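One chain follows as structure tokens, the form predicted alone.
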């Protein structure tokens, strides 16, 4: 079972969380064309390695936060609150 370190509550079991997909995506402005909106809404990176993701602590503090995770090994390298930069 995967243990996810919530930056607000500490380490918890994965069943308490919901993954929100890729983190740090820039939302297009209202004047953006349909192609740019389609890329924002439907296309995501799926690397075999390190990826930054958004997670929601549904059964805990009910807050969103970011996680840097290795998609091959599921090792979580760091977790940090929304709006903050990841640790180097």
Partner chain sequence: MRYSAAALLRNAIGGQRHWRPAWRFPRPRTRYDVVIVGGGGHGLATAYYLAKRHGIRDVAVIDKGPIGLGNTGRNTTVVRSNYLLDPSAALYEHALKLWEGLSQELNFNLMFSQRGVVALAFTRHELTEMERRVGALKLNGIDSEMLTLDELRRRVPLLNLSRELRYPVLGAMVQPRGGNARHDALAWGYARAADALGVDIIQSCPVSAIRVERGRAVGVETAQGCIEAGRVAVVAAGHVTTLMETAGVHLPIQSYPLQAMVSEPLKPMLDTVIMSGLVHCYVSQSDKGELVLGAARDSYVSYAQRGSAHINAATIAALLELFPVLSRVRLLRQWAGIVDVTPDLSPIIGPTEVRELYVNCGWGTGGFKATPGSGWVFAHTIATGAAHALNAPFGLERFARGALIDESAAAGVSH
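Nothing here was measured: the structure is a model prediction, and the numbers come from that model. Residue numbers count along the first chain shown, from 1.
There is another form of this protein, the form predicted in complex with its partner chain, and it is not shown here; the text below is about that form.
The closest non-hydrogen atom of residue 82 lies beyond 4.5 Å of its partner chain in the model of the complex.
In the model of the complex, residue 74 approaches its partner chain with a heavy atom inside 4.5 Å. Though the partner is left out of this view, residue 25 does not reach within 4.5 Å of its partner chain in the model of the complex, counting heavy atoms only. Using a 4.5 Å cutoff between non-hydrogen atoms, residue 14 counts as a contact of its partner chain in the model of the complex.
Contacts with its partner chain in the model of the complex, taken as any heavy atom within 4.5 Å, map within 41-59 to 42, 43, 44, 45, 46, 47, 48, 51, 55.
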